[in-house]
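The data below hold one chain only, encoded as structure tokens and taken in the form predicted alone.
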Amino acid sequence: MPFIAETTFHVRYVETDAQGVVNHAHYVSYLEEGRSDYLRQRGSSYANFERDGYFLAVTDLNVRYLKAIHYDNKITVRTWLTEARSRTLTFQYEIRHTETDELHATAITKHICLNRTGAVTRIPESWAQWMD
């Protein structure tokens, strides 16, 4: 069973259209928040990763929208690592309504590790402890 990070927050008004429905583009920021919190819960942080000279570039993004999310809904992003290779990571996500546990979206993102010059590089050993 993989480690699953749960990140909960309320949908902000700025993320919605005139009908109070979350714009599809904001789902990507929800995934990013889930991924960042996943790293924090695993004892690291993306900020430290960048300070050490590494970057994770998104190479693939797939979101399946199942049901609209509305302004002020409390949502939970569930994030887990599905594949860790020497230079790449793949995360999977579920976005759920916190009170009802209703599934609103699923997603997968793939990332490649880069160094400061933009060259593909190995993921640092310090991350190996939580990638298994």
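Because the structure is a prediction, the values reported are computed rather than measured. Numbering starts at 1 and runs along the sequence shown.
Below: the form predicted together with another copy of the chain, not depicted.
With the partner removed from view, the residue among 32, 102, 83, 52 that has a non-hydrogen atom within 4.5 Å of another copy of the chain in the predicted bound form turns out to be 32.
In the predicted bound form, another copy of the chain sits beyond 4.5 Å of every heavy atom of residue 121. Under a 4.5 angstroms non-hydrogen atom cutoff, another copy of the chain in the predicted bound form lacks residue 97 among its neighbouring residues. Contact annotation: residue 19 falls within 4.5 Å of another copy of the chain in the predicted bound form, judged by heavy atom distances. Proximity of residue 36 to another copy of the chain in the predicted bound form: non-hydrogen atoms within 4.5 Å are present. Along 51 to 65, residues 55, 56, 58, 59, 60, 61, 62, 63, 64, 65 each place a heavy atom within 4.5 Å of another copy of the chain in the predicted bound form.
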